[in-house]
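One chain comes next, on its own, written as structure tokens: the form predicted alone.
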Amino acid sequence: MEIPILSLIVLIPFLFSVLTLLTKNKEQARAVALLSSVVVLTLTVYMYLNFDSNTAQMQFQEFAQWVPSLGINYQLGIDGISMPLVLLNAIVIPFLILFTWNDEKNHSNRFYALLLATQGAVIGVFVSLDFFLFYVFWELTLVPLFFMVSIWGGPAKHKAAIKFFIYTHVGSLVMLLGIFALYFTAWKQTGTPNMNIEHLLSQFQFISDGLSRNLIFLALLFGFLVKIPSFPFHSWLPDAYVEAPTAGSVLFVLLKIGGYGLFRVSLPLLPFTPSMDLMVTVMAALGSVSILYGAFLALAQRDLKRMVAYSSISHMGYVTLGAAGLVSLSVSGAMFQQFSHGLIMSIMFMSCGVINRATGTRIINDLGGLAGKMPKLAVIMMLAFMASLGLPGLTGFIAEFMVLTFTYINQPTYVIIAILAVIITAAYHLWAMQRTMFGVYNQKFGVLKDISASQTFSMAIIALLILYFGLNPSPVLNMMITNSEKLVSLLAVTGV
């Protein structure tokens, strides 16, 4: 009998989340949370080692009837689109727990329970092959993140939490309307209810009304763009990222379900969307504008964490732009950008958290000379910043080079717009590093301690992964290319 490994990596975080709530002190809570994350990481690595990167078919599939009268089933599977994102979550979460090991927080059991619940919900989105199950996990991601921001966040935590919830929930409801329209139309056409994602996507082309197909595509795309988030649906992100505790900011970074939806749902629907050319243009335009707009906003910030938050909008624009490139390697680059962005931004937000805790401020102009007092942080933070600005040899360069180079084939105008942001991106990264880590030390901070052993270990491992996958992206890029080639073949676009 095969082990239901996908069910385990989804259910274990939820189960241990409940167990964490029952713990009596911080030591027990963090130990239970770490055990859960290590078990999930072990199972994920086992699955990765037995994953066939040469096929675009679903692997490790599980199936059980749930509500047969409505065509709803418990169906899980994983392929080259979802495997890297599951791996990303499984890798970062245990190191995030270690990073917060010595944090003094009220209600630590609730904190770690919400962290584990977020992990289970996010992985659930990535492995669901039934639209009903997909949407349940999609909505579940909102709940723990809302409470994490509203309980442990900064001064404006309640406003940020409510804004995040309302924005993303509205996007989810619009997406749900698209799912229902597709579901009931397919039911009417086939006479059989079926919530299977692949089945519903295949039935989309048989909808006779072109306007209906356009509206369904737009409804689904809207839900994904809000989650990415893409300009102009991005305004919830800076407040949520900045007001969230460090662990919450990292969890937001790991929330790649919007970009995942582009590859899993939107791109397979494109060739059967009557206004395909217009939709592709919209995606390319939103991607390029997000890159440039986010870079300009990041350059204008004086708060280090807010600068990192706006840079996230800019870098996630590459996901939308690469998807609109409709070339195998541009789509692969967009997928790799999600994986790379998760690793890089994890360290950047961790660095912001350490600096704020040590100095009591995140205002860039008030900092300076921290490298002399915190050399370990300076080295790790410098690597993450260099990766974020696209230095060759690091993951950020691989992703952005692929997106810009191969998207240019079909979308040259929007790539040129995006390239304008490269200089700006380098400027705000270098400016922030010079002001925070170098120059004259601000004596009002007194004696500062460098990052702890657990923080050094956590951040260093992620930094090494940024370097490793920057020099050797094949372990995750190959499976992405396999699936992107399948997507491009469906779009009848010549691969590269």
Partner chain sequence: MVDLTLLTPELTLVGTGLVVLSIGLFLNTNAKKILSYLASLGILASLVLVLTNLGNGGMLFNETLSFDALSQFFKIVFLSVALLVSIASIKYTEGNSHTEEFYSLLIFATVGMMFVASANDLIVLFVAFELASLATYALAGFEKKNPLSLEASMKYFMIGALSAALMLFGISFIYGATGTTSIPGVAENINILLGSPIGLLSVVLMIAGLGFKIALVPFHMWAPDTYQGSPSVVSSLLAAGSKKMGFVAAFKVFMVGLIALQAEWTTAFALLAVITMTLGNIVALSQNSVKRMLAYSSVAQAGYITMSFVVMSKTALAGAILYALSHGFMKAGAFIATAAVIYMVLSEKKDSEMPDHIDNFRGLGKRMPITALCMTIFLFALAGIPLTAGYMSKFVLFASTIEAGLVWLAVIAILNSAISLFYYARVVKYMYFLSSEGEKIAEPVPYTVAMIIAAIFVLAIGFWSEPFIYWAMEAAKVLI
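Remember, it's a predicted structure, so these values are computed and weren't measured experimentally. Positions refer to the first chain, counted from 1.
If you look for the form predicted in complex with the partner chain, you will not find it shown, but the lines that follow are about it.
- Contact with the partner chain in the predicted bound form, defined as any heavy atom within 4.5 Å, is confined among 356-364, 319-327, 165-173, 87-95 to 165-173.
- Looking at the partner chain in the predicted bound form, residues Tyr135, His158 and Met195 each place a heavy atom within 4.5 Å of it.
- The contact with the partner chain in the predicted bound form, taken as any heavy atom within 4.5 Å, belongs to Ala181 out of Ala181, Val282, Ala378, Ile424.
- In terms of contact with the partner chain in the predicted bound form, the residue from Ile207, Leu218, Leu140, Leu201 that brings a heavy atom within 4.5 Å is Leu140.
- A residue is said to contact a partner when one of its heavy atoms sits within 4.5 Å of a partner heavy atom; Ser69 meets this definition for the partner chain in the predicted bound form.
- Put simply, Leu177 is close to the partner chain in the predicted bound form: some heavy atom of it is within 4.5 Å.
- A residue is said to contact a partner when one of its heavy atoms sits within 4.5 Å of a partner heavy atom; Trp101 fails this definition for the partner chain in the predicted bound form, lying far away.
- Not displayed here, the partner chain is kept clear of Met276 by more than 4.5 Å at the level of heavy atoms in the predicted bound form.
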